[in-house]
Each structure stands twice: as C-alpha cells, then as structure tokens.
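Here we start with a single chain on its own, the form predicted on its own, put down as structure tokens.
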Amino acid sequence: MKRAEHGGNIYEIVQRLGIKEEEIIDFSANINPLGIPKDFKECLLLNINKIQKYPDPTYKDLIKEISEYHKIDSSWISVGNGATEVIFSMVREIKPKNSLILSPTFLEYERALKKVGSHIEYYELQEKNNFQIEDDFFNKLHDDIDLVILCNPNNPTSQLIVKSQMKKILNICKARNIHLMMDEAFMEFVENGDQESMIPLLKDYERMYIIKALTKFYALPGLRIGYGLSSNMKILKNIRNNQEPWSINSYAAMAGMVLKDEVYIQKSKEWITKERKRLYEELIKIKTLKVYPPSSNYILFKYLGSNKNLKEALLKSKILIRSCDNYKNLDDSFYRIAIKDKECNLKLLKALKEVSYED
C-alpha cells in the first residue's frame, strides 16, 4: 500500500534547495506557532534520565491526566503513537465491510480502511458549498454502512460540522447500528470548540469513537502522542491486547501535563481567534485567490492565477505551503496554509501579493 504524503516534509525541501531548516517558513504543517509549553519543556530537561528506563506499559499517569481533562472514565481511553496509530488500531478492531468517508479528507482514513479490506464509499464535498456537508449526506447513512469516519473540523478544508448536524448523524447511526468515528484532533482551535465536541455524548453511544492528539494544539508532533475515546469496552480491550508494547516513549508519556497548562491553552485560543480573522480578511483581498472560511488553524484556498505551481513560486521566498493535489476531489489549484504568528503571516501575504502581481 502506497504511503500517503502529508504536509511538514520540510526535510526534503531544504535538501533540494541546499539551505538550512530555519531559513524556511513552514506553512505546510498545522502546528501551534506558540511552540512547546514552557513547563513541559522544562519537565523534559529535568527528566532527561528517564530515557534510561522503560516507560510504564500501562501509561497510568498519562491516562489519568487525559481522564481528568475530559472528565471521563479512564477505562474509556486508549493511547497510541500519534493519532494515526489510534485510527489504524480502531479500524482494525471494528473491521468494517462497508465504510463512508468524506472527499476530500485526511488521507490516513482511506489507508486504514483499505488495510482491512473495507469497501469505501465517498461523500464528495462541493466547492460551491464551501466544502460543507449538505442534507444529502444523511442519505449516505444506509443500512449497509458499518463505519463512518468524519474529521471535524475537516482536514484540509477547515470546515466544521456543527453540533446540531453531528447529533442528527449520531442519531441515524445509532438507529442503524453504524459505528461512528470522529477525529477531533483540531477541535481545540475551533471557537467554542469544547461546546462543539462530541465527547460529552460518548456515554450515550458505545459505537462512537473520538480521536484526539497532543500534536497540533500543543506543538508536539515529534513526540507522536494521540489517543482514542470510547465507552465501547470490548473494542478498547481488543486494542490494548493487540497493541505492541511500549509504543509510547517515556517523554511522550509525560505529555499529559500540558492539558493542565491553562495559561498556555488560553493564550493559544486568543492567538488563533485573532490571527485567523486577520489572515482570512487579508487573503480574500488577493485577486488570484478563492479563500474558504476557516474554523481551525489552517485555511484552504484555490489559486486562480496563471502561475501553474504556486508552491514552487513561494519557495523562492523560502515559504513552504501544502499542495492539495493528492487529495481526492481536489486538484493542483488547491492549497492549504497553516495560520502562524503575525510576523510570518505578513511575510506570506507579501509573497502571495508579489506572485499575484506577476500574474
């Protein structure tokens, strides 16, 4: 099975250009620009000797912190080496014969489903509707579907399925015994995201699974720490029994402490609210861009200019963006950019305007 290509492959770019990593402004990876929480960084340095010992194979402390943060039973939590491992392990245990995903969406869902031989149906999001799901989506939830996977907010479109729609989807799935997997890896970036999350409804539906990660909001992609939430004890037990030992390293096992960092969390939410609005309002002024309203920390746009490869054009200014040409239902005119700090965002806007002027 071919490996999916994602954003954030800055290593390939700097090698090709013959420059240093710090010379590139990377808009291709959707990571909180505030960086690693200060207290956690200090904790890592103080506990450097933990690398000499095996981590706790039950990850008791990590699970306890996740449990307290989400106010759920610790037995409902499965941790993994990044959200992707959790997705693959849950799909493996559900073993859906027929599944439904959005198009476009995060590429690893399709890979996980194909790995278990699932027949995949696609709901094609429409550009004319800003890539939002419409009422015809509910018709796709027929009795032959075993599993629905939804990324909320969706990646790469940055569109949110609002809670009223999610509840309708959940009720249909419940009535038809369909498993529902919700990937909420970017929900912390959503305005009032805690109110949009489906976590409070886990207790009412044991066929619902929620994927979370510390990768994006807490700027820890290198640690590879994700987790799944569900009240389905049978599925979770099977995941634990089939999981390879020590899939999470000692440093990642300490990462649960970031969930207690209220100052960092509040500062991050204030940053995204301000910069998302500012960057979006400036982008829509550029004549060669069709920009779709974002709900997370990344923005999808369509490039209308004559320059055939906007990514390569911006690399001349040492700016890396994410081409979306390998997503189903998108072509090489679509790009995704992360929302970064004000200074970096201004440099991106300047470069985009220069390329637009050349058109």
Ligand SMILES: Cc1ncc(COP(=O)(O)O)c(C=O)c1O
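What you see is a predicted model; the values in this text were computed from it and never measured. Residues carry their position along the shown sequence, with the first being 1.
From this point on, the text means the form predicted in complex with this ligand, which you will not see here.
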Query raised in the report: Though only this chain appears here, would Ala83 touch this ligand in the predicted complex if you measure heavy atom gaps against 4.5 Å?
Result: yes
Requested in this report: Examine Ile210 and determine whether its closest non-hydrogen atom to this ligand in the predicted complex is within 4.5 angstroms.
Outcome: no
Query raised in the report: According to a 4.5 angstroms non-hydrogen atom cut-off, is Arg276 in contact with this ligand in the predicted complex?
Result: no
Query raised in the report: Taking heavy atoms and a 4.5 Å cut-off, does Thr157 contact this ligand in the predicted complex?
Result: no
Query raised in the report: Taking the partner as it appears in the predicted complex, which of 101 to 109, 158 to 166, 263 to 271, 281 to 289 has residues with heavy atoms within 4.5 Å of this ligand?
Result: 101 to 109
Report summary line: In this chain shown alone, the residue from Ala185, Ala255, Val79, Leu147 with a heavy atom within 4.5 Å of this ligand in the predicted complex is Ala185
Query - Residue (of Leu229, Ile178, Ile248, Ile87) lying close to this ligand in the predicted complex, criterion heavy atoms within 4.5 Å - result: Ile87
**Report entry** Stretch 204 to 237: residues contacting this ligand in the predicted complex, 4.5 Å heavy atom cut-off
**Finding:** Ala213, Thr215, Lys216, Arg224, Ile225
